[in-house]
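Two forms of the same protein chain are encoded below as structure tokens; each is given separately, as structure 1 and structure 2.
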Structure 1
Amino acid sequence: MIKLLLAEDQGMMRGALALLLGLEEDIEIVAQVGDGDAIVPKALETKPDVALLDIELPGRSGLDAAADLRARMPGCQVLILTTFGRPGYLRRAMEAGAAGFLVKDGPVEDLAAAIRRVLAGERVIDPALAAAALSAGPNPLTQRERDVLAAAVDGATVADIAAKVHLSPATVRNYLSAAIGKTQTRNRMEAVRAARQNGWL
């Protein structure tokens, strides 16, 4: 039996996935979680073979949890399943050690097959997303630029951003300016939007 941990914040979707995957003869759902902070503790407790993670979760993102999970449980394969098929997300998932990346609009049979394939050591990536990621190129933003943009998401002032990321206001302005230039936008809110659309945040 393949032991599976399922992380999805939408209760109905999580329940439907658990029900459908539970119908597979060789898959057993050993844990279901609704937020990113619960992924690693639940995985350490239940010892899944595969962790099926959504990206956008309350608490930690599925991408952040994937990196920690791979470091703490290297035998557990991570498969990202998301609504957001953004090239930047795919790159970040691969950097975090994920073995697969699929979007939610595929058939459940493909998902079950992908679970078996990542457990067998294969990489499973949505073909359309792989092509888009190759054409999009790498993320041009540094980690600090991403941190500053992430802190600016809700329209925070430069002073608020500086306090949140523990930098001076002048340094924050420099990072914002660099991010605006790299995203080829006119202001920080457009830069945030562009970075999100590309999966860089």
Structure 2
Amino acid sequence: MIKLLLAEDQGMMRGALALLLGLEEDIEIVAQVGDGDAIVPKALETKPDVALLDIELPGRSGLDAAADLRARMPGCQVLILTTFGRPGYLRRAMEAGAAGFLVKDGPVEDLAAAIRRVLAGERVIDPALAAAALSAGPNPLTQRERDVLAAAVDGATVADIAAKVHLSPATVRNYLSAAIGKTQTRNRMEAVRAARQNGWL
């Protein structure tokens, strides 16, 4: 019996997946979470064999939680399930020690199969996505550049960003300029868009 932890914020999706996977004879859902911060505690409590994690979650990112989980429970395999097949996400998932990476397109039937393969020690990755991740190259953005860019989403002004990141407005503009240059874009919004597109956020 495969013990599974399911982390997914959308209630309907979570419920549907839980019901579906519960129908498999060899899978048992031991925990369901809708919040990133709850993943590790729940896992330590319920000792799942596989953790199926969404990336975009309230609280903590599924990728962060994955890294933690791998460190604290090496026996628990991590399978990332996400809406967006962004190259940077895949890369980060691999670096975090995930064993598999699925996108929410593609048929449901793959899911149970992927869980079994991951538990057997295999790696499950869409080949096309893997190629895209390699060709995209690594994240060129500095930590600070990422911070500033992340704070610039939804139209914050330089002053807002400076306050949020505790930096001087002038410095913020320098970082923004650097990020714009590295992403080959023309303004901050295009830069955040490009960065998100690649999973660099």
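Note that the structure is predicted; figures quoted are calculated from it, not measured. Between two forms, the rigid core is defined as the largest C-alpha subset superposing within 1.5 Å. Start at 1 and count along the sequence of structure 1; that gives the residue numbers used here.
Colleague: Assuming the other structure does not fit, state which one is the form predicted on its own.
Modeller: It is the first structure that is the form predicted on its own.
Colleague: Relative to the superposed rigid core, does the CA atom of residue 189 travel 2 Å or more between structures 1 and 2?
Modeller: It does shift by 2 Å or more.
Colleague: Given a superposition on the rigid core, I'd like a yes or no on whether residue 10 shifts its C-alpha by 2 Å or more between structures 1 and 2.
Modeller: Moves: no, less than 2 Å.
Colleague: Please check if residue 58 moves between structures 1 and 2, taking a CA shift of 2 Å or more relative to the superposed core as movement.
Modeller: Where the cores coincide, residue 58 shows only a C-alpha shift between structures 1 and 2 that is less than 2 Å.
Colleague: By how many angstrom is the CA atom of residue 168 displaced between structures 1 and 2 after fitting on the core?
Modeller: So the C-alpha of this residue moves 5.0 Å.
Colleague: Hey, core superposed, how many Å does residue 143 shift at the CA between structures 1 and 2?
Modeller: In the core superposition between structures 1 and 2, the C-alpha of residue 143 moves 2.9 Å.
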